[in-house]
Ligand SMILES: Cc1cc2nc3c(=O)[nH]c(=O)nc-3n(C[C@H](O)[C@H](O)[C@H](O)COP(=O)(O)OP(=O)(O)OC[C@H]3O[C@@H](n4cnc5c(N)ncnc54)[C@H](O)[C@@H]3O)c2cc1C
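As a starting point, one isolated chain is supplied in structure tokens, in the form predicted alone.
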Amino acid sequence: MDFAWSEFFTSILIVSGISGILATLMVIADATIGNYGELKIAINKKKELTVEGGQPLLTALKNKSIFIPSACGGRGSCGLCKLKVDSGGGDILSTELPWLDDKEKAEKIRLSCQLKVKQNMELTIPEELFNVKEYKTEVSSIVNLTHDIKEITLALLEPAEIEFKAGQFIQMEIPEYDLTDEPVYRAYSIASAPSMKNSIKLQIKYVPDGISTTYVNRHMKVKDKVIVNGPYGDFCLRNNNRELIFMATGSGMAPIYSILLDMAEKGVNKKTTFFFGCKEKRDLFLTEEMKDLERKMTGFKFVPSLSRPREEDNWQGETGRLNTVIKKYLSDTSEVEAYLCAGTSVIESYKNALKEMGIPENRIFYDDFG
């Protein structure tokens, strides 16, 4: 049987025509149905913004210099950008559901990175977020702390100083490059003391194919200009006389190091133990700085532990995971307060171990970097 070439080409033309019509309809729909025009956002019943409709609420607020924390850069994978939407939010989206409990749903809490501005809105925003600023900075140094963690120092250009509490974080803008076709934001804890107001230090661990960490490791250079905003977060030391336990892994050291530097400067000498977990000796860093803190703070002790030391490490210190190591050091937990910084699963294991040792959950604070 001869192949009907004319029918074949006719079919292609028909399919191409239909595709062209659908594409045209999508463009028209985007220009009409998706064009919401200018809309109003009322905030705390005392401030009103005029924004372009159709964009995520998180973006609309950022464009008006109101910065909402979002560790994942607006991808809906961190749950930090929650806001109270009193009206105009519409139905809760499926992408928001994993991050909202029943109480939050009843209180009209929404995920601002997922919710698009499609009608006039009324919001309730915590007053402290109005103190968050955007800063122009310049990379003044890049130091290799380990084989996969870099210390980035950002000198503030405009404004020239930042006010923050030890333990808080900033969001750093990553510009367009081969892994992203638009600027994105990622959250990083500040690893310097609040007294150092004209610059901030960050500890950034390389994650293969991570948009931000790949940029920092392969593209960032001294003298580069970087935009950040902040500060955010409440992973800060509570004001009491309790014994302190810090637990962290990898770049989770950053906020705890900031807190320890602040304590040393202020002469806080209450009993404090910092348990730091690594796989191998090459993952340890700032050990000399920790020894210096031990000399300055009579109540402070640094306890690193390697979970998988290599033979060539000749390691004489603690071994094993921190949720077992702490049991050797804690006997009376009646007046202990714990601060944890690690990934989600690690934090859960630490929390469970601490609760088994008698530390109630309301005395366990944590900074979860996913």
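Everything numeric here is computed off the predicted structure, so don't read it as measured data. All residue numbers are counted from 1 along the displayed sequence.
We do not show the form predicted in complex with the ligand, though everything after this point is about it.
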Report the residue, out of 260, 85, 200, 254, that has at least one non-hydrogen atom within 4.5 angstroms of the ligand in the predicted complex.
254
Proximity to the ligand in the predicted complex, single hit among 157, 129, 143, 207 (heavy atom within 4.5 Å):
207
Does residue 71 make contact with the ligand in the predicted complex, using a 4.5 Å heavy atom cut-off?
yes
So, in the predicted complex, is residue 212 in contact with the ligand at a 4.5 angstroms heavy atom limit?
yes
Would residue 186 show up as a contact with the ligand in the predicted complex if we use heavy atoms at 4.5 Å?
yes
Considering non-hydrogen atoms and a 4.5 Å limit, does the ligand approach residue 169 in the predicted complex?
yes
Have a look at 295-303, 71-79, 135-143, 278-286 and name the one stretch with heavy atoms inside 4.5 Å of the ligand in the predicted complex.
71-79
Which residues, if any, of 44-65 lie within 4.5 Å of the ligand in the predicted complex when only heavy atoms count?
none
